[in-house]
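Below, in structure tokens: the form predicted on its own, a single chain.
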């Protein structure tokens, strides 16, 4: 298996003495959909800042495409063209006066020809559904619109890896569904997509790799059905089981003929229910 990003023994302590990462070693398969789970303060955002080269390890190393990261200006510029990150709070990422300026800033700074910048910007605006916002001042946008602008700005760089820090935070259910559909489309195009989330249901149904952090340490990792099979561990790190898993376990306790592991989506669960039940609630 080919790994696009990996860490080995990663340690990082902030100037105030908070040790955010403690010996974290993990590997993210190329072309995967990876979810990083953990309570607040687990180290998820700090890990992401290392993936993008914004933070430099105090001990250990970060590896991209089989090579250890270098932190000179040229190497970091190269990395950030390939590994794009969208922060949780869009106001920390937006700095241009208008949407079009924000989205075009990165490509222009790559020294690309004007025609190529225009192509990338138009494509990014279309992908995120914000063509009508191109000339809007960024400070007049709603929270959800700002998130889309940040995503478009990263997509305009055409990264191979897209990292999103709590992308569904404060979004209404419809916007969450639209975002997940969009991430699926990016994944089908061959990109590796990595997100952090508190939403265990999202992680279970969407991701094909799950990593759980707690207090700066990697607690466990694997396929969702493997990770959530350890109910005791999941609860010890302060997470709940996905609702599908809870329903499935209850059905087993009631003697229903169900098989392990649980299905990965509501639709799969409904299909596995006996026909009379499915006819009542599945359609």
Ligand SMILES: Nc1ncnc2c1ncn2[C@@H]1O[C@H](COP(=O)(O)OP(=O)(O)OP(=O)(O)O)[C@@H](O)[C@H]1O
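Residue numbers count along the first chain shown, from 1. Quick caveat: nothing in here was measured; it's all calculated off a predicted structure.
Heads up, the form predicted together with this ligand isn't pictured, but that's what we're talking about next.
Annotated contacts: 30, 65 and 159 are all free of this ligand in the model of the complex [non-hydrogen atom within 4.5 angstroms]. Within 4.5 Å of some heavy atom of this ligand in the model of the complex lies at least one heavy atom of residue 18. Looking at residue 41, you'd find a heavy atom of it within 4.5 angstroms of this ligand in the model of the complex. Although the partner is absent here, residue 166 is a contact residue: one of its heavy atoms lies within 4.5 angstroms of this ligand in the model of the complex. Residue contact with this ligand in the model of the complex: residue 205 places no heavy atom within 4.5 Å of it. With this ligand left out of view, the stretch that reaches within 4.5 Å of it through heavy atoms in the model of the complex is, among 248 to 256, 234 to 242, 217 to 225, 44 to 52, 44 to 52.
Contact with this ligand in the model of the complex, judged by any heavy atom within 4.5 Å, is made by just one of 88, 209, 101, 145: 88. Contacts with this ligand in the model of the complex, taken as any heavy atom within 4.5 Å, map within 183 to 200 to 198 alone.
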